[in-house]
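One chain is shown next in structure tokens, namely the form predicted alone.
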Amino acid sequence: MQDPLQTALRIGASGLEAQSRRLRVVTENLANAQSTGKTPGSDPYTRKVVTFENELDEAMDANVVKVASIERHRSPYRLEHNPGHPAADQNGYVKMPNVDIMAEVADMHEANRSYEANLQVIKQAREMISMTIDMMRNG
């Protein structure tokens, strides 16, 4: 039988790692929200999305979260008329990234809240472990 506090630490740590990866992907999307192709008609930066899944940690006998994949989003690119741009096609249109700034900001806030919640789980488990050790010393 595993220590439930150690299991809580492991579950919280897996959540921290998953949300950290998600924040990195959101940051990359925001940084490339205006990154077009370099040649006429070429594709711009494509938004990335993170997919999570549960995984059984057999050592802890608990489900933890992990990043299943980081994939390119399938939404269409925006077209902007800008004939002077190096990536403009023969009609003067430039393919712009399919990054929606508002969606990315919302995703960042959600990932941040999830990260903080997992951090609280770890803090509480560590505090309970410390309290247990103190009780054993004094008892």
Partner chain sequence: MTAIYLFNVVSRHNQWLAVRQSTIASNVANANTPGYKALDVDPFEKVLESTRLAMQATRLGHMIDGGAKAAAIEARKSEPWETSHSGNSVSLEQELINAGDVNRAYRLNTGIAKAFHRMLLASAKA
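Since the structure is predicted, the reported quantities are computational estimates derived from the model, not experimental observations. Residue numbers count along the first chain shown, from 1.
A second form of this protein, the form predicted together with its partner chain, is not displayed here; the remarks below concern that form.
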Original post:
Does residue 77 reach its partner chain in the predicted bound form if we count a contact as any heavy atom within 4.5 Å?
Top reply: no
Original post:
Heavy atom to heavy atom, is residue 81 within 4.5 Å of its partner chain in the predicted bound form?
Top reply: no
Subject >> Any non-hydrogen atom of residue 63 within 4.5 angstroms of its partner chain in the predicted bound form >> reply: yes
Subject >> residue 93 within 4.5 Å of its partner chain in the predicted bound form, heavy atoms >> reply: no
Original post:
Is every one of 22, 132 and 135 in contact with its partner chain in the predicted bound form, taking contact as a heavy atom within 4.5 Å?
Top reply: yes
Subject >> Stretch in contact, per heavy atom within 4.5 angstroms of its partner chain in the predicted bound form, of 36 to 44, 23 to 31, 69 to 77, 107 to 115 >> reply: 107 to 115
**OP:** Note that its partner chain is not shown here; using its position in the predicted bound form, name the residues of 93 to 129 with a heavy atom within 4.5 Å of it, in sequence order.
**Re:** 110, 113, 114, 117, 118, 120, 121, 124, 125, 127, 128
